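Next up: a single chain in structure tokens, the form predicted on its own.
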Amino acid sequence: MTFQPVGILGGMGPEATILLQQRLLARIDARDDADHLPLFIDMNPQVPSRIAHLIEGTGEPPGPTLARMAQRLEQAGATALAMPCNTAHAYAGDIQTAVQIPLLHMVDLAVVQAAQQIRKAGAIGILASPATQSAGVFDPALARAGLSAVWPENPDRMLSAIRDIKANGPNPNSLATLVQTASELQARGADLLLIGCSEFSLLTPDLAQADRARDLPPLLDTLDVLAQAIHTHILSY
């Protein structure tokens, strides 16, 4: 079988990009190297800061850099694109208009899956960068699905946890922040908890254990949704 590769716009951050690869590998029942799925990866940690541009209003806009990455991946032979950074989906329009191949839109796909798991007009508790909230990254998909969002009351604390993970890797302090925030979102009516930041995805297994211990709502990780979408796309050829 000949597989058609997907191009990954990576580096935001690098560890999250590697985690996507690991989760994709885990979905393959491979007996040899040739059984695995092909990827083109543009690991570019120099993409301008999404947080600086969306929250602080400073710095270069990331859109043009992401568009050039998408074009390189398309020219290399990618048949679709994927981007393991929820916040960067604020610039999905820049990417999609720069190429002829589709972007597997992690945010839209995750909300569709969430809608299949909870009741109509339900509420999703979103564990994500405050930049995704201020940029309205989830809003169109939530509106189409008829769902509402419950956001953390302390966005600065979420941003600090993301920066901590970027600097120090997943750690007990950032996990404690996620667990406490998850409990808060449940208390405010969340029917499902969405891991909407790929840095937080590094802590999903630990948060899932805390989820079971505390009887929190079910978890859905956008990075898992993206891995499944890549797997499905490549195998559809």
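Numbering starts at 1 and follows the sequence shown. All values derive from a computational prediction rather than experimental measurement.
Unshown form predicted in complex with a further copy of the same chain; subsequent notes refer to it.
Chemist: Taking 11, 40 and 73 together, does each of them reach a further copy of the same chain in the predicted bound form with some heavy atom inside 4.5 Å?
Modeler: Spot residues vs a further copy of the same chain: full contact, yes.
Chemist: Any idea which of 159 to 167, 120 to 128, 136 to 144, 99 to 107 reaches within 4.5 Å of a further copy of the same chain in the predicted bound form, heavy atoms considered?
Modeler: Only one stretch qualifies here: 159 to 167.
Chemist: I'd like to know whether residue 205 contacts a further copy of the same chain in the predicted bound form, with contact meaning heavy atoms within 4.5 angstroms.
Modeler: Close contact is absent here: in the predicted bound form, residue 205 is far from a further copy of the same chain, nothing within 4.5 Å, heavy atoms only.
Chemist: Quick one: does residue 53 come within 4.5 Å of a further copy of the same chain in the predicted bound form, counting heavy atoms only?
Modeler: Residue 53: no, not in contact with a further copy of the same chain in the predicted bound form.
Chemist: Spell out, yes or no, whether the shortest heavy atom distance between residue 189 and a further copy of the same chain in the predicted bound form is within 4.5 Å.
Modeler: The answer is no: residue 189 has no heavy atom within 4.5 Å of a further copy of the same chain.
Chemist: Residue 30 versus a further copy of the same chain, in the predicted bound form: is there a non-hydrogen atom within 4.5 Å?
Modeler: Yes, residue 30 sits close enough to a further copy of the same chain in the predicted bound form that at least one of its heavy atoms falls within 4.5 Å.
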